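A single chain, nothing else alongside it, follows as structure tokens in the form predicted alone.
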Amino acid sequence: MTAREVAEKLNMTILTGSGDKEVTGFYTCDLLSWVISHANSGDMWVTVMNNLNILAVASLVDVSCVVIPEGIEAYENLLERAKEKDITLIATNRSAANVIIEASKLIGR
């Protein structure tokens, strides 16, 4: 299932990107160096971080998308750079735990 399909089924908002990458797993963490060393390509990464550094990490790890939970507003410079890099950013009012629980049910993990 693609990031777009997951977002649509969970009523989350795609802020940037196509959402065409397959979601193959999940990861949630806000310590960027830890994400680099522990997240996997294809993961749906859920983080409360909303600065430009998450885009570098998302590219490096090749996550399927980045979900910003808890109704946290993404800054305009983050959105602009994510569009330039074609990184899928998704926003939701759900908690990080709820995103992962419900999305994992959708993709059978």
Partner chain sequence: MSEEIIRLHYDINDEDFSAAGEASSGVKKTLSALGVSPETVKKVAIAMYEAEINAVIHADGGEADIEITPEEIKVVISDRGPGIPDMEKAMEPGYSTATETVRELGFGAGMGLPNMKRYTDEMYIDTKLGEGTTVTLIVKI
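Positions refer to the first chain, counted from 1. Keep in mind that what you see is a predicted model, and the values were worked out from it rather than measured.
The form predicted in complex with the partner chain exists for this protein as well; it is not shown, and the discussion that follows is about that form.
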Original post:
So, in the model of the complex, is H38 in contact with the partner chain at a 4.5 angstroms heavy atom limit?
Top reply: yes
Decide whether L79 counts as a contact residue for the partner chain in the model of the complex under a heavy atom distance cut-off of 4.5 Å.
no
>> Can you tell me if L52 lies within 4.5 angstroms of the partner chain in the model of the complex, counting non-hydrogen atoms only?
In response: yes
- prompt: Quick one: is D62 in contact with the partner chain in the model of the complex, heavy atoms, 4.5 Å cut-off?
  reply: yes
May I ask whether K9, E73 and I90 each come within 4.5 Å of the partner chain in the model of the complex, counting any non-hydrogen atom? no
Contacts from 1-23 to the partner chain in the model of the complex (any heavy atom within 4.5 Å), listed N to C, are none
